[in-house]
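Read the single chain below, which is given as C-alpha cells and is the form predicted on its own.
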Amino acid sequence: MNERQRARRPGGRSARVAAEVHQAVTDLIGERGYGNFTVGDVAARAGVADSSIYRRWGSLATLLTDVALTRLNARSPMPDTGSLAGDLRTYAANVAREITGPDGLAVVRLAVALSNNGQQDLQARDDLRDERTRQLQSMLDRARERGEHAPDALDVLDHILAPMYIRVLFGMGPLTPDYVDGLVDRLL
C-alpha cells in the first residue's frame, strides 16, 4: 500500500492525526478562547509538525471551520424522519441541545471571530455557513420531493435558529421542548 492509499484509509494514521488535531483545537478553545492560539500551539498540543497542519488545512481559519463542521455533523446531523415537520422538530431539538451544552455557542463564537479578520478568515466563515446551509437545503429538498411545502433555508434560519441563539446569547430563558416545537409550528 502506498502513502496516498494509507492517508485515505478510514481509521488510519491520517484519521488519527486529524482526530488529535481536532481535539487539540477543542482543548485550546476551551482554555484560551478563539483567537488566542496559533497553528504552532495546536501542533504542539497534538504532537504533530506545523507543516502537517498547513499541508492538510492551509490555515488556522480553515482548521477551525473543519473542526466546527465535523462537530456539527457528528452531534447534529440533518435528520430524515420522513416528514418535514419531524425533520424540523428533530433538527431544532438537536440545535437547542447543542447551543445549551457545555460548548454551547462555539460555532457562533467561531463565526464572529472569523468575521473580524482578513479575507482568508471571511472565506472560512462563508464556507462554514455555506456547508451547513447546503445540508439544511438537502433536508428541505427531500421534503419537496415528498410533495410537502417547504420553506427556504433562510426562513429556517430566521424563524427557528435565530430566536434560539438570541435566547441563549441574552439569557432569555431555557429552550424548552415546547418553545422549540412552537418555533417549528410557527414556521410551518
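All figures in this text were calculated on a predicted structure; none of them were measured in a lab. In case it trips you up, residue 1 is the first one in the sequence shown, and so on.
Another form exists, predicted together with another copy of the chain; not displayed. Remarks below refer to it.
Judged by heavy atoms within 4.5 Å of another copy of the chain in the predicted complex, the contact stretch among the candidates 59-67, 137-145, 39-47, 120-128 is 120-128. The candidate site formed by Q23, A92 and R97 is entirely out of contact with another copy of the chain in the predicted complex, as no residue has a non-hydrogen atom within 4.5 angstroms of it. Using a 4.5 angstroms limit between non-hydrogen atoms, D155 touches another copy of the chain in the predicted complex. For the chain shown alone, R109 is a contact residue for another copy of the chain in the predicted complex, at least one non-hydrogen atom being within 4.5 angstroms. Although the partner is absent here, A18 sits far enough away that none of its heavy atoms falls within 4.5 Å of another copy of the chain in the predicted complex. Mapping the unseen interface onto this chain, N73 falls outside it, with no heavy atom inside 4.5 Å of another copy of the chain in the predicted complex. Residues of 83-102 are not found to place any heavy atom within 4.5 Å of another copy of the chain in the predicted complex.
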